[in-house]
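To begin, one chain is listed below as structure tokens, in the form predicted on its own.
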């Protein structure tokens, strides 16, 4: 035990004397998460909101033609579109350059055609490189056309009366128009007050208010294990420095068993992981809305994962036989594991079939259970059983790495 503690103290001091490496192991994964989180609209966003520029060439310049532009600058459409006035030639030139999602051309005589219930062709030029925003613009114009149709059904005669007035209306014309509008209101009132239809209103069953999707919290478990992967890879790479300076050979000559050497390095990796991931847990809980239902279980799970991944990386380094080949071997394991195992993309963001496969990988298995621990969905008995599996895996990897280290570099 004394030799194990001495080995652990030596490796822990070496790790803590390189704060830049600690910052990288934590900083790189969370920098990736921060960029993705900002790109997708923040921690409380349900996803990216489509936005686009819509060009409007108003050749009529009347009250009703201006209403077309207003429709795209107010309400939900105003949050998705940025309308800009232009001329038809300039608008077509900008569309050819792909500078807007769509171009709307309101023809001259639009207002008089609408009031007289005559056809009016509104041009729509779509950007072929986009699919969502031009389609929304087209559907919005269809809805406006439907609104004009029903307006004529309800008050078509009155609209024709208004459109037929070319000069300043006289008092008689104003009275006549007012009486016509009043007659229309009375005609509609007999259908609307009271309603001639019997309506039975059924309230839908109340659902629990769902919390907005927190992308940061969703990706947090995988990002933390990405730090552990980088930590395991970086710590295992230290074996080449010790072999180069013959410190392992001298330690063995001084009577330090290989198991104590590997054990000290594993404990140092676990301590480093506890510091790095513990800080990540605190920051996620304080500033990003990450739920930590059981702090002890969460930290214990991360330390167990650090031990397993450090030993796995150490075995790959030893089998490689050289630093350069070790970097290649570990990269072939680290990056595919992150892609499929829930570190680059959370399982909530993956198709169900891919997520099911990812959860069967070693990293995905750890990330999925870490998510359950954070959310409080894992009973204590399950957590203990999972830790038992991790301990068994670490024990097998520990014995294998010690034997390989002795066989490859410390024989004789």
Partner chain sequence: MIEVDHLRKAYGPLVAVEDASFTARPGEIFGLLGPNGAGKSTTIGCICGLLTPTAGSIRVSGHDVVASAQSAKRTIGVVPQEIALYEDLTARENLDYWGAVQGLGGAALNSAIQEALQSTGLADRAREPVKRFSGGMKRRLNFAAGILHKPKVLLLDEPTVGVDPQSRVHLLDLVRGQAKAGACVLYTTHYMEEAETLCDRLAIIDHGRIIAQGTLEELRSMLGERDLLRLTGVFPEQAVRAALAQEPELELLGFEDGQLRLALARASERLSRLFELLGAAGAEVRGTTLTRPNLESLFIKLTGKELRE
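Numbering follows the first chain given and starts at 1. On a predicted model such as this, the values are computed, not experimentally measured, just so you know.
FYI, the form predicted together with the partner chain isn't displayed, but the following is about it.
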property: Interface membership of residue 253, the partner chain in the predicted complex, 4.5 Å heavy atom rule; result: yes
property: 4.5 Å heavy atom contact, residue 93 to the partner chain in the predicted complex; result: no
property: Touches the partner chain in the predicted complex: residue 116 (any heavy atom, 4.5 Å); result: no
property: Touches the partner chain in the predicted complex: residue 287 (any heavy atom, 4.5 Å); result: no
property: Interface segment, criterion being heavy atoms within 4.5 Å of the partner chain in the predicted complex, picked from 302-310, 243-251, 220-228, 122-130; result: 243-251
property: The partner chain in the predicted complex reached by all of 3, 6 and 10, non-hydrogen atom within 4.5 Å; result: yes
